[in-house]
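Take a look at the structure tokens below, where one protein chain is shown in two forms, each on its own, as structure 1 and structure 2.
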Structure 1
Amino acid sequence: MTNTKPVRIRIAPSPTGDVHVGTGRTALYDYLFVKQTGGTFIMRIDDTDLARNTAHAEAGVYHGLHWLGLDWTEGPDKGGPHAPYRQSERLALYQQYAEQLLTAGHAYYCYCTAEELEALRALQTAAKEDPRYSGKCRDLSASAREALSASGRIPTIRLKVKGKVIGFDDLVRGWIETDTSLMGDFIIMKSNGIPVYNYATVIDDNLMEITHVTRAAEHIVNTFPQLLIYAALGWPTPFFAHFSTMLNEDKSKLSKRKGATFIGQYAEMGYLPEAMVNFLAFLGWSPGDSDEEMYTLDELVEKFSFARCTASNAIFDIKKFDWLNAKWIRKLAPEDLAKRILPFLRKAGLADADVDINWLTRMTTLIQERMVRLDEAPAVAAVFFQEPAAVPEEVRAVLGSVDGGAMLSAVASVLSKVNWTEADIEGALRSLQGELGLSTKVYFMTLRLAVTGSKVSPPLFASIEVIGRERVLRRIENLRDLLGTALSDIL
């Protein structure tokens, strides 16, 4: 049986406090599909690992997905017709359907201890057999079960598995099948009353009327036991889509040891959500015959389809991500970018709470082309906030035999009187260069060192205007002092 109901699709993260990039990609694909079909996007929190769950961690999940621009219609934070949306609040439901499976003869109590199961696995491994449960407790008599319970053993509940070939038509990969005789009877409820992942997922997906189950390729192995649970309960199966596995550039599995793996980490590093959405979309999907590489969320809604998803592994190419992020930075309006870099400037101690946003926007236009990530803003913008430290030896090497003191005195005199606009500053300084008869390299490199403390900086004349007359004159005076003559004695 297959669902033909209106699209209902869910994302079901564990509340770890942040969103893994793989979860972010799945949520993105879900969101795009729902927007295309007019379906419903559901947030469910899979929090049966009670020791790790906190309200703070759950809030982190919401924050990460909202940062990407994604939102949902139903969930723990929004309510909905299938509440509750936290698995920890649905334990009675899992027990109810487990009892139904027991009554129907599709499941049974297993009293084997962890030590007995480990001994069985060791024997099977030694015999080079695939580890699976032997079925020892499948046909226990009522009296045997009573005796085991009386001895203090608390049972798990296992699903009976009949050996046969089962499969499903994956929306990304086509037909996939397996032989369940290699699987063995598996646990659906632990001895502490907590459901295992595959069982709870089926119960929730059916009761929440989920039509499409989407996830990464490593979950294919979980789909087969879930199909058996659907069949045992007589429920229709949803559509399944398993997306490509994300790998590091060296083809190893994406892991914390090889770099950042959580959405929040990339936000803190200064990646834009627009770039992250764009980048994640291409990790397992392509737009077809288009060469365009920059897509907004709305444009992706128009283009996305499961048919264009690939089963091949996706390489998390950080160099490509950097390139894409830089492109998105350059695409932003300067005022928007100024607001986005402000938290990074404040964190670095450069900008205070009452910084003039208009001034900051003017400054941002000068550094916009010089950033790959927002966390680079403090380094490239420091010249506009802090006095530079020009090195006299470096300046003298540029000046050669030129009298640097006299040159800087003349520059200061001109700048103290000029109308303070970029065009007038440039005109006055170029005119002075002609009067002094200095080469462009010596003259402007010395000016750049005086104003910015570096041979490489944002555009010089625009920088002079943004830094401001008083601060520029002070910087020239500082360099003049370093060269041995106090500029204040000349002006």
Structure 2
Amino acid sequence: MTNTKPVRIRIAPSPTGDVHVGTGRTALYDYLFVKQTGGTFIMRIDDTDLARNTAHAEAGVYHGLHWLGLDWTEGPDKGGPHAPYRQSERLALYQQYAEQLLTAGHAYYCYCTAEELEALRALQTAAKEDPRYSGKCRDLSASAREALSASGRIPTIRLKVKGKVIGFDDLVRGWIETDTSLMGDFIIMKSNGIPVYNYATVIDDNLMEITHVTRAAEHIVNTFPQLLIYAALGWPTPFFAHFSTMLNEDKSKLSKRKGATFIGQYAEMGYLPEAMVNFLAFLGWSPGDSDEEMYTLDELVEKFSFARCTASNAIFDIKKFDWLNAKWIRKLAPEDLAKRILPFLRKAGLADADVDINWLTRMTTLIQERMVRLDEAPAVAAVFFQEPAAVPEEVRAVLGSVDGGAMLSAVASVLSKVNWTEADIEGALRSLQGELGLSTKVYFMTLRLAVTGSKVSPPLFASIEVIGRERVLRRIENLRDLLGTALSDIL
């Protein structure tokens, strides 16, 4: 099976308004391979399941994929030589080929009702037989069909299945086969005129000249009936690649209850698209020739291959994703990071749209390696925007017998005169420590508490610089006053 035709791969999401992470990863792999081979990436909206359609929420799907940095060249939004790209708009096509199958004798009308079929299944199950269609309507005469029609029954269309061993060479798993004599004739067109997934997929993939059918492992067994349809239509089969399934920590299928399942949710939590792409790529694939763990989309395009995809299921480990996201945050240029955290700061009510970007960038360098996710920025950066809560009790515990009031007065005096740069502030403060003869722990912790209101903060000297002389002095004096009044209250 060689294929020298230009690569064409499709992603076929349901319009649910967001992108499931599994779909996102498949789309990513598709994109990587397409870019690598100079092929074409196609968006096809799979909206034949009316129950699953959320008010034509295609935009959300596009948005999620675009956020990852993925784009396509044919689709409902782009047009293309094989339009329409929505399955709901291709119904006539499915009907047309179903009729072709009918006249060729590869398919037939089945008048059994859903209830009858269910009853048959129940019977077979009870008798410990494998539930499968009996073939009851397979050889109905024309008059029998008319009579059934006249009685108000609307038929489905079934494909005739001949028992034999069939298989295909999966790009990530190798040869996979099964015996179709276990299968039974299956429905390709429902009585409401809507095609069944396995059938619509084959029609579209062939008509759209898809060369590589890529999807999650749960579709492996769907490939068999699809193979039968290709054969019945006399069509060549594409390559198939089935990726591993992504699971929750408890090995269950990814679900909302057990963590975020959609790309958009991760964006809101402050994960970087760079990190998401990187993480998703490594969940079920690895470069194999390097220990490097950070890859950009472009680098992945270069290295990706189906052969290096893993066949076993992968658990979505949020801890590792956190680590990778933090790495990516640290890798960003500060001004870039500043722009990305701004929406989170604004949402938290800390910053305005007109915040000085130079100051924000400087501030960002202080919190850059203290964030795992962007949504942590407000908490870490609050000290630069809001006056800290009073903490005299904590300070007193740190001071012990040291005279805090005197120390803070001395600090304020030094800071009111020092040249306002991080280096000069540090120099002045350190030499004052020597003059006062205070321990590092007491001196700096008291200072930290005074300036930031917390025992944990970004680096002190730089923070002092960023917060600004006026506000720093006010905070120090504030605390000194609090210590004084509190003391006098006790006395």
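Heads up, when I say rigid core I mean the largest set of C-alphas that superpose within 1.5 Å between the two forms. Bear in mind the structure is a predicted one, so any value in this text is a computation, not a measurement. Start at 1 and count along the sequence of structure 1; that gives the residue numbers used here.
Structure 2, not structure 1, represents the form predicted in complex with the RNA. Superposition on the rigid core between structures 1 and 2 places the CA atom of G437 2 Å or more away from its counterpart.
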